Ligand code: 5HM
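Here we start with a single chain on its own, the form predicted on its own, put down as structure tokens.
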Amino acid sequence: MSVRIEASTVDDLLNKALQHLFAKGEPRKATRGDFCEVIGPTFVLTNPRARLSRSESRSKVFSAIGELFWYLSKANELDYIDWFVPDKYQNESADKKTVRSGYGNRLFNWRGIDQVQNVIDLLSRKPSSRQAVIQIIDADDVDSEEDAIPCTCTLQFLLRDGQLHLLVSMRSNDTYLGFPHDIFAFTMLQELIARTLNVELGTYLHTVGSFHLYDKHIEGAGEYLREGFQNIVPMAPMPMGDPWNGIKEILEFEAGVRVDPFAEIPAMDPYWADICRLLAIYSLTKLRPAGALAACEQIAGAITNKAYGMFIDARVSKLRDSNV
């Protein structure tokens, strides 16, 4: 039933995962649509910085960054994530203001507890601890009549031989949409905590109870597989030192760039400044004000991490075609 799949990049991992689903998946029915499923697979990403798909169909850097910073905002506001992935979470919000299943408050302010800081403090005091666990889903979720409950159960951080490893347990994972986004967000959190502890980034492990592919995504998954394997272009390492001031600056910039897409990029480490540049390009290409194309091209020219090139080109080319 269970299987272990290992790869060095998210594309290699997703490629192997889909092939396994097509070969071994069992058909199932559910309220959200028919799907095929394998139970209990574990996925191992040996190079967590190779966290962005470089395929034509799954290269979703802007929505992935949006979801990550939604978590890092420490809240679960609907309008935050709706900016990046319109309509996806509308049906998961009972009050149309917040998303109960969002991870931001669960990570940083769950019943008054900052679980991320707890992990950092614990591993600072006891590096070999086996208790550095963040709980996402809880008994209230299972007892709830709402359909929208977290897919993630726990995140366990293990510091071994100077490397921070992360083991994520999922109750359920949509292969085509959720899997790549989850890997991006969780490996970024893994690296944020590793930098805070001044240790190296280790291996990422991702175990799923129900790993599935909806029938409506079969065609898209087939197209992805036909693209073949992608070039390996990992993200650059995060800069050394405490990253949280940089995160705070990016969150402040992101709030402003929604209103003013021509907002000035903050003077900060190039790694974090590049994230701001991506957010600015997203805002410019979403709002499309006069002069957006020239601004995008100028910002793109300042990007220091060439791993983002293909994502920027794809986004800006649509703007260029509209002559804005």
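The first residue of the sequence shown is number 1, and the count goes up from there. Because the structure is a prediction, the values reported are computed rather than measured.
There is another form of the same protein, the form predicted together with this ligand; it is not shown, and what comes next is about it.
S.K.: I'd like to check something about D174: if you look in the predicted bound form, is any of its heavy atoms closer than or equal to 4.5 Å to a heavy atom of this ligand?
M.R.: Although this ligand is absent here, D174 would touch it in the predicted bound form, with heavy atoms inside 4.5 Å.
S.K.: Although the partner isn't part of this model, could you tell me whether R106 comes within 4.5 Å of this ligand in the predicted bound form, counting any heavy atom of the residue?
M.R.: Answer no; every heavy atom of R106 is more than 4.5 Å from this ligand in the predicted bound form.
S.K.: With heavy atoms only and a cut-off of 4.5 Å, decide whether E191 touches this ligand in the predicted bound form.
M.R.: Although this ligand is absent here, E191 would stay clear of it in the predicted bound form, with no heavy atoms inside 4.5 Å.
S.K.: Is G202 one of the residues lying within 4.5 Å of this ligand in the predicted bound form, judged by heavy atom distances?
M.R.: Contact check for G202: no, nothing within 4.5 Å of this ligand in the predicted bound form.
S.K.: Just to confirm the contact call: exactly one of 119 to 127, 248 to 256, 79 to 87, 96 to 104 touches this ligand in the predicted bound form at a 4.5 Å heavy atom cutoff, so which is it?
M.R.: Within 4.5 Å of the partner lies stretch 96 to 104.
S.K.: Which one of C151, L155, A221, M238 is close to this ligand in the predicted bound form, taking close to mean a heavy atom within 4.5 Å?
M.R.: Of the listed residues, the single hit is C151.
S.K.: Pick from I134, L197, L72, M170: which has a non-hydrogen atom within 4.5 Å of this ligand in the predicted bound form?
M.R.: Comparing distances to this ligand in the predicted bound form, the residue within 4.5 Å is M170.
S.K.: Using the arrangement in the predicted bound form, list in sequence order the residues of 273 to 289 with any heavy atom within 4.5 angstroms of this ligand.
M.R.: Not one residue comes within 4.5 Å of the partner.
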